[in-house]
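The chain below stands alone, shown as structure tokens; this is the form predicted alone.
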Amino acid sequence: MPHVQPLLDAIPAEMLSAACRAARQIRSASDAVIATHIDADGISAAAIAEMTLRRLEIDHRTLFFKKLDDRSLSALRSDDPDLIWFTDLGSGLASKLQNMPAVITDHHRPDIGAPRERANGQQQLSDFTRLAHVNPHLHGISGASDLSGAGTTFIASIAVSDENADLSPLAILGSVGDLQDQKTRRLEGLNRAVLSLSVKLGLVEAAEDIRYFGRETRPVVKMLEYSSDPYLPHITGREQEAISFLLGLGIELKEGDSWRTWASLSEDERCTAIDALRAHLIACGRKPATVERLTGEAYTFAHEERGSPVRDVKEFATLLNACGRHGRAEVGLRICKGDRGDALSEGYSLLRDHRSALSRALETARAKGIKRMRHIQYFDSEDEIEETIVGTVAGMLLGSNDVDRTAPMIAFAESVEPSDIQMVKVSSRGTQELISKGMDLSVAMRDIAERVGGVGGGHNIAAGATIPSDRRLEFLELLDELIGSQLSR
């Protein structure tokens, strides 16, 4: 397929070699288990893997994990499949997977013992393992902003057959779900090469537009009322002010009995609203960088029904997160594979529940209080916020107008995973400005978690850990010291 060649040309030779090795292992399997994460990126990646295996007529099933640990690895080994395909996870334990018949297509930082592919024709370390490992970090590419887990899985799928190019929208879905368009307000790096392929195939549309959530499904009044990035002074959180603002621009809010959405506005109306919102932010003294965040590249699935929650990619990703965070990741997987009936209806119901849960959790976190240390800030939700959404809450708090953004947000929630001792889930969120100053939450969370008897990892801007519950104070003190040393370099 000629459209695929520019993407192949953009992939570093060693990474493409690793993907081809993974493809050979996938094609040779007689049956497979897909092990994936529960978030939007993991669900999208699993859908790519499932459809790749289905086209090869390889028997398979998918298992979802909040995290990989020794207990989950033992369960996977006992299944004794011909192939275990880890998507959007696995790299953090790659050195423990050497003797498993496995493929890893992940974008999280690999552990130090992970083997590297070499393309110089010499015998490779990976030749002595049963593991094929594809990860952008192994080739100098950021897994936080340039390629997602779904994107890495898509590269392996393309290596299996270029006929899988039609799965590229799922890679875009995973990248947007992983917030990889946040830094520059558009997808960059290898994500952009995947996007270009999807656009050429007529599967995804990319256009400059407002960046707020809910372009397709949320009444435009509610879209402005719930706006947060950037926060709109005197409009965010105030329904009547949002109504007055739009009416003052001559924009009708209803069409018949139905509230109009952003997508239903005319192009002239959208341009008028964007210009007025920019002027409003400037009048309120917001910095140019903040005003710029109002618009960016927005992505639409061209063949989905207008007004559907799966047409706007950001809304689709939120729908998947709602499924995964509330224990129904398999519903999101069915939606990714094309179920627009029962699965989509259930997913939309889960999305409504997810929004309510986040609203309650935000109130809980604020009531608990955010405590500031020298270089970090944190809140401890104890058992009052689910561990699956506490990271999202931390990110929402850090993005709100009344919270200090000069320190990463750390959040605790009691873990419900079976364990011999009581464990606590730790989530962390940062900002691009903190990253530019040297902060790397992936390194910090992993190192400090290991020092207190836990495990951790993730990305420079968002990472997580699981640690013994009685060592959280020690964890905070050590983390505060390490983040401080990162920022002082």
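None of the values given here were measured: they were computed from a predicted structure. One-based numbering along the sequence shown.
Only in words, not in the display: the form predicted together with a small molecule, which the text now covers.
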query: Heavy atom contact within 4.5 Å of the small molecule in the model of the complex, the stretch among 153-161, 258-266, 176-184, 336-344; finding: 176-184
query: Partner-contacting position among Ala29, Val455, Leu63, Met51 - heavy atom within 4.5 Å of the small molecule in the model of the complex; finding: Val455
query: Gly391, Pro169, Gly214, Pro408 - the one with a heavy atom within 4.5 Å of the small molecule in the model of the complex; finding: Gly391
query: Contact flag, Ile461 vs the small molecule in the model of the complex, heavy atom cut 4.5 Å; finding: yes
query: Contact label in the model of the complex: Asp312 to the small molecule, heavy atom within 4.5 Å; finding: no
query: Interface membership of His354, the small molecule in the model of the complex, 4.5 Å heavy atom rule; finding: no
query: Interface membership of Leu479, the small molecule in the model of the complex, 4.5 Å heavy atom rule; finding: no
